[in-house]
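There is one chain below, alone, in structure tokens, taken in the form predicted on its own.
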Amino acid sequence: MESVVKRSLLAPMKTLQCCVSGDKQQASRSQGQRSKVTRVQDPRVLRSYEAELQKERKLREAMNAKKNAERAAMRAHFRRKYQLSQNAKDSAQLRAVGGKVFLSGDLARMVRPDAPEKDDGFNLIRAFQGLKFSGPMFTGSKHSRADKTTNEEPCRVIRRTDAQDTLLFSSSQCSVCEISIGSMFSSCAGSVCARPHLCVRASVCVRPLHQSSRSAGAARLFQEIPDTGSNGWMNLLRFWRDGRFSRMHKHMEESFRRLGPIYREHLGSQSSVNIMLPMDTGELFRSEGLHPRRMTLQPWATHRETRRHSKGVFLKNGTEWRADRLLLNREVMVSSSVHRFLPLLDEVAQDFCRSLRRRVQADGFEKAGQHTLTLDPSPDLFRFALEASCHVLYGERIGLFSSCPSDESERFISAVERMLATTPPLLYLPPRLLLRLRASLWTTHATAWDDIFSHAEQRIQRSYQRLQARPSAAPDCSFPGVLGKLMEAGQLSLELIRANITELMAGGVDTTAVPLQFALFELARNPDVQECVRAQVLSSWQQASGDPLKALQGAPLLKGTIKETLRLYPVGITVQRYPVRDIVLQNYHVPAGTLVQVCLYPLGRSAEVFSRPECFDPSRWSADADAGSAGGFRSLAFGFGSRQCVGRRIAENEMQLLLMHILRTFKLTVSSTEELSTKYTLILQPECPPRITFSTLTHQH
């Protein structure tokens, strides 16, 4: 403007100078050139005027762009809310203003109806606090990706206590949710904010001002937990199409790797929050309440209801569950009961090893007095588990180590395998609908349970008749089995006893035999570990003088071997709870009553929890090593607390005793040390059972 004024006054000043000095020639020359000078100055004035018009035009365009961006932000919000498709035009309009949009009070209340009412009081300092005038709206500069990279700003909220209904949409990277949102719509579809912002579908952070004063550690919304897909039925179809039910454990591991240490899963009618870290597990178990609940296996419950069978503690909840569980604990969990049935398990384990030794000597080849035989031990391990379970539960042997095992026992093992294989798909479908449709999947499942109950009923009747025939005046001092002890106590009805014994039998075969397969395989492919455990076993057995309890107490590496096996190959891949109060996991709010699953397969193989997780190292569970670890909740294969596996003591001692006698009798080797491929059929098991070479030791222990 100063230059324009100078140019406008230049000619008059020259004329005045000529008049004062008397230089008429100069004056006339100035007069003659006035029109010419004026003509020369006009383009400059026009250019200045055009520059002013250009500024005004840019200001109008900025205002229009702002209004268009406000509308685009609102449309994007409602598209996300109603799950509509994205729009490229809205993305361009938001980009035109650098992604920063301030919504007025009315629009803000449409997005956040719970926002506080605006205070109409005006404060000049507060009104301008936090404003930044370097943006494209004020400078007219074009938005560039390079500028965004060099001057990256977090989501910013104007700190106005009297205008708390203002919302800020920012297209730069948000320092709170850590989502790069410069790409607008293209990167938003699968993104999940990590703070309780409103996040429109255009990957634009939306944060109400009244939340800006929230402390940094405030919990985020439950809906913001990352998920694998919000449509449970579409997820279920994809699972079936891709055959992912048998690889559920791998799916969980990949989901944690992709989404972080917590995510939501929707499959059919089931929804859950999945976690894996011990700190979150501890918080979950602290909120389980007096009557812990886990996910009900609805296919099992439907079978009981349709067949009019009573339910055992596995399918019960509440006070009824607790009353029955306390009575069962006396017979299967407390130390006195373990001392009673431990000799029975030891007897079966020693018989198994003698039977296997005879087979190796008969069918194997001999070299230097050592007999060697390579075989798949899984059928023998299943028979061992069934024989041991029957001996403890019913107090009788069923003779499965003979050369010709009974057809009844083979049918039972087959029924358990069919039941386990058909359970996972039925968990996410309504069983009663399948029952009405007479679906083959449900029919196979129900028939398998019928065979299991038939086997248990026959054993229960024999045990009952044996107890009735025993003279009361001269009671037999031998252990009558868990069934006999429950009948003698008389505190559970016969129906409830049958229900619980059947569940123990069904859950005590595969869940013991399969971990033994993995344990033998890991010992065979880790010869140094095998020799270390064997040395401890031989020393302990010699000092115990044949007492199985003392022998186990003197060989802690046996228990470490079982724990290490279950760390790498957990039988059940999840432990579930419904918290009785609201909790915070990974800074996300999780409401009471939400199904939360601790995923054991990713936990056991996490480098955040275990050092060298790929190594098979039973010594990591020793007292000294465990004391120096990151805390508890790392070994959860049998669950935790009052709702842990009711057959835990039977299974733990059964597996330890068998490994002890196998290591006393055989050296184990495998031809390949490659990792075993696994599949999930309600329990984790190898896709192909490993073939193991058993070589008799040259000296008798």
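All residue numbers refer to positions in the sequence shown, first residue = 1. All values reported here derive from a predicted model rather than from experimental measurement.
This next part talks about the form predicted together with a small molecule, which is not shown.
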query: Contact residue in the predicted bound form, chosen from A69, I650, L663, L657 - any heavy atom within 4.5 Å of the small molecule; finding: I650
query: Heavy atom within 4.5 Å of the small molecule in the predicted bound form - residue from F521, Y428, F256, W321; finding: W321
query: P515, heavy atom within 4.5 angstroms of the small molecule in the predicted bound form; finding: yes
query: Close approach of F638 to the small molecule in the predicted bound form, 4.5 Å, heavy atom; finding: yes
query: R643, heavy atom within 4.5 angstroms of the small molecule in the predicted bound form; finding: yes
query: Y263: touches the small molecule in the predicted bound form, heavy atom cutoff 4.5 angstroms; finding: no
query: The small molecule in the predicted bound form: contacting segment from 275-283, 484-492, 609-617, 499-507, heavy atom within 4.5 Å; finding: 499-507
